[in-house]
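Single chain ahead, written as structure tokens, the form predicted on its own.
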Amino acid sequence: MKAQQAGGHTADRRGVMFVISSPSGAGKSVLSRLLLQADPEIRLSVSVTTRPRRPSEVDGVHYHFIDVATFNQMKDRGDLLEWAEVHGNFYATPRGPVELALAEGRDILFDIDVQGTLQLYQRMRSDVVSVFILPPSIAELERRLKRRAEDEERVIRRRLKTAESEIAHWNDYDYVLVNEDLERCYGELKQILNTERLKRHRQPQLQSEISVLLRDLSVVLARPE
């Protein structure tokens, strides 16, 4: 039987849709970046968007930039796994590249919110592994948001208000981690991914390999004593 190592890139294993969500400031982006830098077997899902491309952005790397008509066509054909409208622009995950990656045994990382996660559940639940990242306390969450020194007080308050509705969905996720210590939380995140890669239903080749083992065993047992 072929050995299957956690994290091994092989078409014998179906890929994982690895979803990480958290309130703003809880550490989702940092954890995602660490995982992408350390693990060559996982890639970030590249969304499509109808907003204009910024000068620093590369089409196909940061986003796939499309017009509204193309977006509507994709949505009507069922070519989108999840989508949302943000400030008048549409963002979505195209179905085709994700299904191809999973079939080739490659893992896809999704840095998305609760609503996007629930949409993925509706379409490809058996392929999704979801992790919700919690802050150790609301006081610490507020400190982290202020420490970034990127937002005005009213924006921070809005982010905290959004966190209230996001945290209420913690029970919709497969795993929940508390990001009190970044290194420990990252280690737990890697452990989840490696464990999920080895789940039986993601290794379809096992059926034929088990059949070979049982066949060979029957031959051995049929030998005269």
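The numbering used is simple: start at 1 and walk along the sequence shown. Keep in mind that this is a model prediction, so the values were computed, not measured.
Unshown form predicted together with a small molecule; subsequent notes refer to it.
Enquirer: Looking at the partner-bound form in the predicted bound form, is Asp111 within 4.5 Å of the small molecule by any heavy atom?
Expert: Although the small molecule is absent here, Asp111 would touch it in the predicted bound form, with heavy atoms inside 4.5 Å.
Enquirer: Look up in the predicted bound form whether Tyr121 has a non-hydrogen atom within 4.5 angstroms of the small molecule, and give yes or no.
Expert: Contact check for Tyr121: no, nothing within 4.5 Å of the small molecule in the predicted bound form.
Enquirer: So in the predicted bound form, does Tyr63 come within 4.5 Å of the small molecule, heavy atom to heavy atom?
Expert: The answer is yes: Tyr63 has a heavy atom within 4.5 Å of the small molecule.
Enquirer: Considering only heavy atoms, tell me if Leu141 and the small molecule come within 4.5 Å of each other in the predicted bound form.
Expert: Judged by the heavy-atom cut-off of 4.5 Å, Leu141 is well away from the small molecule in the predicted bound form.
Enquirer: Quick check for you: of 33-41, 194-202, 51-59, 174-182, which stretch puts a non-hydrogen atom within 4.5 Å of the small molecule in the predicted bound form?
Expert: Flagged stretch: 51-59.
Enquirer: Here the chain is shown alone; which of Val129, Val98, Ile133, Ala92 has a heavy atom within 4.5 Å of the small molecule in the predicted bound form?
Expert: Going through each option in turn, the one that passes is Ala92.
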